[in-house]
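Heads up, the chain below is alone and in the form predicted alone; it's given as structure tokens.
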């Protein structure tokens, strides 16, 4: 039997496993959590100056193969990452791994006919109608997860009992993964909306508010940014983050046209990946009264490197503090925390004035 695995990114392994297990007659192998070993493996076999998401996903692929996977699903686009699947496939072959790699997005586009052909190779009884039904449920699951995550970011830093939000979210993800119909998913979503609203918080009206922008993988995979959001929450800060799976899959195409129109004084063309989005978000955060902005990216992320001077210029015009973090396998966690602490102190001093 085919054993399928996929790279990790945040909590989206839950809808990924849900979808694949319902549409394919195959064993779905959950990739192991990302650890330092994952990074060491990915770094060891990756080109030296490739961006960090390449190394993280390659490391996860190797660990999944070692768990028994013989088919891997990859998805990328918008920048150089759109061409990484082919490079990763060649690296795995050079290492002697006999695996099938299915890339859901090539050159920034999704060819559904090709994906159907690939899935039929895995399962000759693959049903497109069934895939559409469970695909619809998966899309809704992602939307519901992202909606609740937004609420958590705004409030987790003010919970009265530490760990309340995380414990409830763990239960929610477990229950979401067990549903078998849209009606059941919707009931679970409504139930957990009420449960999260019941979590007791003490949130002052004048709390510090920070917006997080940057390269999508580094923003969405907590391990790759050293759990930055958790660190902010522990300092009683309200967090705003824009990038999530639903935005990337269903909102970005039309949103980027609006961004380019609104940001004509700063950019004329789409800069690739999330760069244009982050420039527009910088202006929004400045005008919405956020106290500071954190920009995060992986090392060697070319689009974000191009966006950083413009982000700095906009923040300077509005006199809003912005701090830039670049992450790779050798980034010092202590150094990140030290810079964050200095950033908090500076924001508090500005508030005092």
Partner chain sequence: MKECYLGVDIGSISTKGAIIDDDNNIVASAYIWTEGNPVKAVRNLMRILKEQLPDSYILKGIGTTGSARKLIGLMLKANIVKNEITAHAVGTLTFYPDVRTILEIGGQDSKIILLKNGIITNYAMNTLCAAGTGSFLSSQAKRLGLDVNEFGTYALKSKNPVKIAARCTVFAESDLVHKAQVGYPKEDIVAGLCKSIVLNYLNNVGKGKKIEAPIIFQGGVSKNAGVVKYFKEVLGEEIIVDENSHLMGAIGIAVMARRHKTGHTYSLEMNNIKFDTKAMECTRCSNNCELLKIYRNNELVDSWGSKCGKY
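Keep in mind that what you see is a predicted model, and the values were worked out from it rather than measured. Numbering follows the first chain given and starts at 1.
The same protein also exists as the form predicted together with the partner chain; that form is not shown, yet it is the one meant from here on.
Contact annotation: of the candidates 302, 317, 30, 36, the single residue with a non-hydrogen atom within 4.5 angstroms of the partner chain in the predicted bound form is 36. Not displayed here, the partner chain is kept clear of residue 21 by more than 4.5 Å at the level of heavy atoms in the predicted bound form. Under a 4.5 angstroms non-hydrogen atom cutoff, the partner chain in the predicted bound form has residue 343 among its neighbouring residues.
Looking at residue 306, you'd find every heavy atom of it more than 4.5 angstroms from the partner chain in the predicted bound form.
Put simply, residue 292 is far from the partner chain in the predicted bound form: not one heavy atom of it is within 4.5 Å. The stretch among 282-290, 45-53, 319-327, 64-72 whose residues place heavy atoms within 4.5 Å of the partner chain in the predicted bound form is 319-327.
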